[in-house]
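Just the one chain here, the form predicted on its own, laid out as structure tokens.
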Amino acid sequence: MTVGIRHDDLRRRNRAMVISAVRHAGQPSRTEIAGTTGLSHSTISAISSDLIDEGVLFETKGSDAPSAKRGRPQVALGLKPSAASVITVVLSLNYLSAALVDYAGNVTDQEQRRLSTLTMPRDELIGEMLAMIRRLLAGRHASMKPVMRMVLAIQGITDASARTMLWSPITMHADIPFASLLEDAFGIPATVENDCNMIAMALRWHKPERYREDFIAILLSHGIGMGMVLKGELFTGTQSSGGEFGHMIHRPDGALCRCGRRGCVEAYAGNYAIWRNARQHSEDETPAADISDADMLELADRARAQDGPERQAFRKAGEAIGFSLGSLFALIDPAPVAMVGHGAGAFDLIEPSMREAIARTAGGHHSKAISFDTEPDEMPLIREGCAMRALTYVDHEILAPGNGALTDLTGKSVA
């Protein structure tokens, strides 16, 4: 009995390795999969044959580029788009979007709309989300397999078990069990994730040569967020989603933050804080609910044009980020950093004071080794991170076990 269990575990692991190799490489040959996984050619041949029969993979023509080796071009393997589908949902400040994604990672349908998230009643907010998902499911093409996973990304703190939104600055409501609500409504497994964690997930897939074992993604937007990968694993807290960089204290009893506390990094570096300082308003002033991207672009242009309160506001933002990053680097050592979001378009205004602040901290001993890159649009990254979170779950927990025909949640065959 023990031998049989071990054989099943090995088979599942090998199938997962092959699927993962295809997902990472796009359309690799069996030889390329062997090089990536270390599995024998005979094992890969047997596994790929099973996965093709099950409708998970398909064969496609290899590259037309001339090969240094003689013989026929190698046949490549690809993920069959119709093998499964997932749904991604993003809830951010005054904005809701959802997308239907096929097994190959292609968006087949999507919807987005503006909402007044700060003032909407709880049931209305939930109802808008459920209605949007319901429309996507109703429009799903008949040839697609059932949706096997949903992932919701949200600004704010989620619990470590990925079930509940604990708190978010985008709504007055807290402790909403979104995963359970989605599962009850649609019968599809769901998780709730911090949006910056999903940005980090996407960067790892998007630029693996830079973002691999250790890196940090900082969201520069109306608020400030962080996603962090350490030793190849997405960092989460013991109870929460972790990485609440924006609400680390920069100055005790300092500027008023939209979270209600004082002196947070965000209270100096978020869009509303930069706007408040640029206009030389009191740090006790209630943070603006929202500031348009156009207004922030105009503010950055004025800061570049002359040294005045606008430029000083961006300096303060860089200083707040720099001191907190330096303290973080004192714990984990320097790592590549991605500055993500619309605020990254003003990174030239933030970087000098940020680097100066880092250099004044214990983590600044290796400040010259710290590298920064910018990604000005966070929304595609959040969606991609959600999609990869959902699809890799399908890879490893549903398709890798290889129980024969694909089944829906009731166990009924859908192959």
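This one's a predicted model, so the numbers in the text were calculated from it and none came from an experiment. Counting begins at 1, following the sequence as shown.
Not on display, but discussed next: the form predicted together with another copy of the chain.
Although the partner is absent here, Thr392 sits far enough away that none of its heavy atoms falls within 4.5 Å of another copy of the chain in the predicted complex.
Within this chain, Leu331 lines the site of another copy of the chain in the predicted complex, having a heavy atom no more than 4.5 Å away. Another copy of the chain in the predicted complex is approached by Thr238, whose closest heavy atom lies within 4.5 angstroms of it. Taking the partner from elsewhere, Leu230 is found to have a heavy atom lying within 4.5 Å of another copy of the chain in the predicted complex. Contact with another copy of the chain in the predicted complex, defined as any heavy atom within 4.5 Å, is confined among 248-256, 337-345, 145-153, 123-131 to 248-256. Contact with another copy of the chain in the predicted complex, defined as a heavy atom within 4.5 Å, holds for exactly one of Gly243, Pro81, Pro169, Pro189, namely Gly243. Judged against another copy of the chain in the predicted complex with a 4.5 angstroms heavy atom cut-off, the residues His7, Ala21 and Asp214 are in contact without exception. Scanning 7-40 for heavy atoms within 4.5 Å of another copy of the chain in the predicted complex gives His7, Leu10, Arg13, Asn14, Met17, Ser20, Ala21, His24, Thr36, Thr37, Gly38, Leu39 in sequence order.
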